[in-house]
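Just the one chain here, laid out as structure tokens, in the form predicted alone.
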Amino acid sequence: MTAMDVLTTTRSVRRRLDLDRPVALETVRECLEIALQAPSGSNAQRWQFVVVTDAERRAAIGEIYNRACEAYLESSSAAGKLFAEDPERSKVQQRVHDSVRHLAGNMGRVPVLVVPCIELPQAELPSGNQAGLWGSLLPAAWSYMLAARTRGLGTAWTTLHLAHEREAAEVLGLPDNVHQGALIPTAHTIGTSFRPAKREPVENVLHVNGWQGGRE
């Protein structure tokens, strides 16, 4: 796969995760080795990755996730409730909504759950702008997902379980100074026909030299 292929076809895979085919831990390790090449603030590299393969712990995380997802799907910010005024985009959003529900019902069955975390010197998150903090973790997590794509694995980026982060931390045995940044289900995919998604034209989001420099 070319870099362009990987970057444009790494999708959030929810319905097409193969729940019955095992994933080799060595393959996950290879992907994480690549992820560790990502940048981090001050080169601190405070990232940690919890890889969950134990069936009971996967089921426990799945139950927490499903509970959080049900609340999300009932909220006004749920995918299926956005862009209701645009019939074409609304159809896409409804498909996303349904796939989110599908993943929630099966999260505990996904062969591997990867939880990217950041380890701090103290238990409390710093006050103020946290872009630098999470910006030192999320690029590595995304690199993991890209690496997984090149190995025939599907992933999905989700943070819904963080509504119950403390409960998930107890399942994972995390110390108080280790904070979760996402939950990445990982499995072989059913089929390989992934393609670029339809997105807004770049002109709609490009601002040159300031906010007024675009969207003319």
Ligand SMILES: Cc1cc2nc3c(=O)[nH]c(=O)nc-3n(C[C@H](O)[C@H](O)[C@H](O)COP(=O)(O)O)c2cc1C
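Each residue number is its position in the shown sequence, starting from 1. Keep in mind that this is a model prediction, so the values were computed, not measured.
This next part talks about the form predicted in complex with this ligand, which is not shown.
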Among the candidates A78, V96, L120, L133, the residue which, in the predicted complex, approaches this ligand to within 4.5 Å (heavy atoms): V96
The unique member of L174, L160, L153, C31 whose heavy atoms fall within 4.5 Å of this ligand in the predicted complex: L160
Option from 125-133, 112-120, 83-91, 99-107 whose residues, in the predicted complex, bring a heavy atom within 4.5 Å of this ligand: 99-107
This ligand contact at R11 in the predicted complex, heavy atom, 4.5 Å: yes
Close approach of R21 to this ligand in the predicted complex, 4.5 Å, heavy atom: no
In the predicted complex, H207 touching this ligand (heavy atom, 4.5 Å): no
